[in-house]
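Quick heads-up: the structure tokens below are two forms of one chain, split into structure 1 and structure 2.
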Structure 1
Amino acid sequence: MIQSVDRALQILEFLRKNPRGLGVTEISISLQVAKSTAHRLLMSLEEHGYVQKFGRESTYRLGLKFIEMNYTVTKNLNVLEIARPFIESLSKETGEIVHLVTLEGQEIIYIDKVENSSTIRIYSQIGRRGPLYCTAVGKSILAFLDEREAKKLVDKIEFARLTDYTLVNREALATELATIKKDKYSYDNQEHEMGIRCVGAPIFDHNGRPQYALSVTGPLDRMSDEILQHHIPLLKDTAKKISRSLGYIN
């Protein structure tokens, strides 16, 4: 790990967490380096567009370079292109929000979202991270990862009781993962957010790895057990079709 690169990237992280901007001194304190060091790092980042000063403020914020980089990354994530039509249909058929996520480290990242009601998307979840243990998508992925990898991830989970319904111990989670593996879909019964219920299913890539997952999300009153009996087959079918499109056999 190269010290100066690591510090530069740490700065980006600080700025991500402080989107209103940070000054040189604040950053030098957070990093525990001299002001001149922080200043030099910022100049390097600024040169490449990753941070910028706005107007005549002397605070730095994340730069527009990230919008450009995001363009390339999403353009080349072909799961997005492949999955798009499928998740649009699923959203239309269920009338609910559909999310597509990918496993990334010990969390999931939302990589696409479709809601049929409106075209607004700027403030969607896309790009947000979420936990594995209390989301339908996360549990679907965990349940279908090979045992060794799943164990590794489960061991690292730091459970937080986000709602009264959140599972907060490994035993309860293990039991549920077994059920998910049998049923081939997962629930999130207000475990992540009160009043919100989701059903999820894993998507397998051409290596047979449950790299992605799909979910249908809605408020409690529109996600009763009877209604879910309608949604779940559609969800499972969509996930299966996407997996097949990604080159997954069987």
Structure 2
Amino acid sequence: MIQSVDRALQILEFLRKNPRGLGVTEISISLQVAKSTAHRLLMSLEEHGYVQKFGRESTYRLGLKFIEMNYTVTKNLNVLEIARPFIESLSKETGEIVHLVTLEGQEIIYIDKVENSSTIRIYSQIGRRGPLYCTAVGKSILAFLDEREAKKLVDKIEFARLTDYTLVNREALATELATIKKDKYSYDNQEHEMGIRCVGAPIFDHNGRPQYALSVTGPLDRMSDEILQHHIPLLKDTAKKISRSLGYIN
């Protein structure tokens, strides 16, 4: 029984990697079993809607059951519940404040925050909104959005110089977004608040959309270039783990 379940799961994995479909012979070879065994397993999977048979060549593909399952799973995902253990761990590892935000219209909203023992006071509060163009989290979302959507958002930005370091033109922002897309993380070097430095990374949902972002935030005296180089891999790894937990497959 366990062997049959294992083989059935292997078939589903083969079909996931071959969306155009596979025939019984190909599947039997991959499983290293007789064609009759592969056929029996496929018939059982087909009966339950997990695979479908197509065309004269009788190739098999993943069935519609997975659409139903995907809807059920993603509908019940709670990003706050999923992300919380990861951001707590990241805050503990870095010793700094960690933010979780979501994209809402033309702004980001802080939806969770883990603080350490630091007494620094910063802008962020859960439920508060922030700009896209001068926050690490906002820029990391912008950089990975579909180009058309990103352009629409950037075109609507009303740039305001919040500090001496704020980017206030579209050309400079476009250059930075290209770098962020290449490096897969972003900086906020006192652009939003004086004396505060952040690094951010995108979090992708099950559709591959950068709906959320994560940041590590701290004061200048604790966020030197050297220390940031320690924090960045931890940040990127945490964002990747949360993305995978939300159903993102890259």
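Residue numbering: structure 1 sequence, from 1. Between two forms, the rigid core is the largest collection of C-alphas that superpose within 1.5 Å. It should be emphasised that the depicted structure is a prediction, and the values quoted were computed from it without experimental measurement.
Only one is the form predicted together with the DNA; which? Looking at both copies of the chain, structure 1 is the one that matches the description.
Superpose the two forms on their rigid core, then report whether the C-alpha of T37 is displaced by 2 angstroms or more between the two structures. T37 C-alpha, core-superposed: shift of 2 Å or more.
After superposing the rigid core, is the C-alpha displacement of G218 2 Å or more between the two structures? G218 C-alpha, core-superposed: shift of less than 2 Å.
Is the C-alpha displacement of E26 equal to or greater than 2 Å between the two structures once the rigid core has been superposed? Shift at E26: 2 Å or more after core fit.
Rigid core superposed: how many angstrom does the CA of F14 shift between the two structures? Here F14 registers a C-alpha shift of 57.1 Å.
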